[in-house]
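Quick setup: one chain, the form predicted on its own, written in structure tokens, and binding and motion questions come after.
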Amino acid sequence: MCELLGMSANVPTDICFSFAGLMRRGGQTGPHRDGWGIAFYEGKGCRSFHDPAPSAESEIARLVSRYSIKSCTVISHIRRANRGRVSLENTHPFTRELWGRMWTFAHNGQLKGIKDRILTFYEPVGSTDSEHAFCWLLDQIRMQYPEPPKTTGGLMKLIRHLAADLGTLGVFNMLLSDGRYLWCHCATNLAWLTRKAPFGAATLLDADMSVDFSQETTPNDVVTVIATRPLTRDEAWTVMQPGQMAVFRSGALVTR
């Protein structure tokens, strides 16, 4: 299965520490050798990097892990291919435009029969069931809301309903964002933690690396990290339950 990584923060923050742990699972401490990708939101823009090579061996991944790109919302993915060949177009996360904003999606799992679902507006570029699911999901949102909704309550319910629907086809662990909100749907494995004052130290499980966040942050910072499996050994992660969705904005839990 693939692995996911997401971040939601109230101030532009780099994800170098968490990504350094994740990238080692892509062929070094884990079997996810079939490509990786990461997307950073900057205002309404989205800067993304993709590579079909294993993240543990990728020079691009090393660059990302060392270069401090600051963002309030990040989605990353390391792939173990089961549907669709290993190729650049099949690496997550995928992005599409809706309502003048870039939406980003990454998925872990298999969805039997998803390609039987008719697509109206969005079309996949690659051959994965994940990208087809993303296109179908955005189609449904666009049909329900041709224009941006004035309030978010209905949109939250719709995305929760669509995620549950896709979950009936198989395993659907998902990260989805429009740059403001980060939707996290758990089918089997997903966990999160929120770092805020008083900050402490953390040590990665997959690499010999520690950070004292009290030296890297201000007292007002709030940063939430979401991952398929906990990335650190000395922090209290909240493990989500199957079928549960959590939504974050600016590092804070909006709804669960």
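All residue numbers are counted from 1 along the displayed sequence. The structure displayed is predicted, hence computed values, not measured ones.
The same protein has a further form, the form predicted in complex with a further copy of the same chain, not shown here; the description that follows concerns it.
Colleague: Using a 4.5 Å heavy atom cut-off, state whether E123 contacts a further copy of the same chain in the model of the complex.
Modeller: Contact with a further copy of the same chain, yes.
Colleague: Answer with yes or no whether E97 is in contact with a further copy of the same chain in the model of the complex, where contact means some heavy atom within 4.5 Å.
Modeller: The answer is yes: E97 has a heavy atom within 4.5 Å of a further copy of the same chain.
Colleague: Closest heavy atom of C46 to a further copy of the same chain in the model of the complex, within 4.5 Å or not?
Modeller: Result yes; C46 sits at the interface with a further copy of the same chain in the model of the complex.
Colleague: Using a 4.5 angstroms cut-off on non-hydrogen atoms, would I60 count as touching a further copy of the same chain in the model of the complex?
Modeller: Residue-level check for I60: yes, a contact with a further copy of the same chain.
Colleague: Which pick from H161, K115, R180, R101 sits with a heavy atom within 4.5 Å of a further copy of the same chain in the model of the complex?
Modeller: Selected residue: R101.
Colleague: Can you check 200-208, 213-221, 185-193, 52-60 and let me know which stretch has heavy atoms within 4.5 Å of a further copy of the same chain in the model of the complex?
Modeller: Checking each option against the 4.5 Å cut-off leaves 52-60.
Colleague: Scan 132-157 and note down the residues that get a heavy atom within 4.5 Å of a further copy of the same chain in the model of the complex; none is a fine answer too.
Modeller: The one in contact is R142.
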